[in-house]
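Presented below, as structure tokens, is a lone chain in the form predicted alone.
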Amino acid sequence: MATLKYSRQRESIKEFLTGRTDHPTADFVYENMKQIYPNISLGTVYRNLSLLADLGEIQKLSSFGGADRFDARTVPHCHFMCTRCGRVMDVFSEHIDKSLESIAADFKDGQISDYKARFFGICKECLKEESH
């Protein structure tokens, strides 16, 4: 396997995602990278995000309607999307982990190696606005 050439832009994209919990879109990443690299193209950002996802260094979140979102947290966890404002949040729960382990153990038609659980509803900020 060929060694991947170091890229300052790719490292900057990864650093930008690290520590964020808002799961930005490629367009949002691009707008922020342009402040550091004025000549960077949207295509370069997309290619680097895809490469980082393929390498397992970030997660690409699809199936939320609209543009893909990106997450630097690669530990197994689930996601919640507010159907009102579109915010995407991480969900960590031992109950979910235990349920999924149980499902994997009970599954007799193969071996489950990964899962992607997504939850949809209304976030607490939108619920607050609703009650006012």
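One rule holds for the numbers: they count along the sequence shown, beginning at 1. This is a predicted model, so every value here is computed, not measured.
The following text describes the form predicted in complex with the DNA, which does not appear among the structures shown.
Put simply, of Val91, Cys85, Ala105, Ala67 only one has a heavy atom within 4.5 Å of the DNA in the predicted bound form, and it is Ala67. Screening Cys78, Leu42, Ala72, Leu100 for any heavy atom within 4.5 Å of the DNA in the predicted bound form leaves a single hit, Leu42. Under a 4.5 angstroms non-hydrogen atom cutoff, the DNA in the predicted bound form lacks Gln59 among its neighbouring residues.
Remark: Lys5 counts among the residues lining the DNA in the predicted bound form, judged by a heavy atom distance of 4.5 Å or less. Within this chain, Ala53 is remote from the site of the DNA in the predicted bound form, having no heavy atom within 4.5 Å. When the DNA is considered in the predicted bound form, Ser12 lies well away from it, no heavy atom lying within 4.5 Å.
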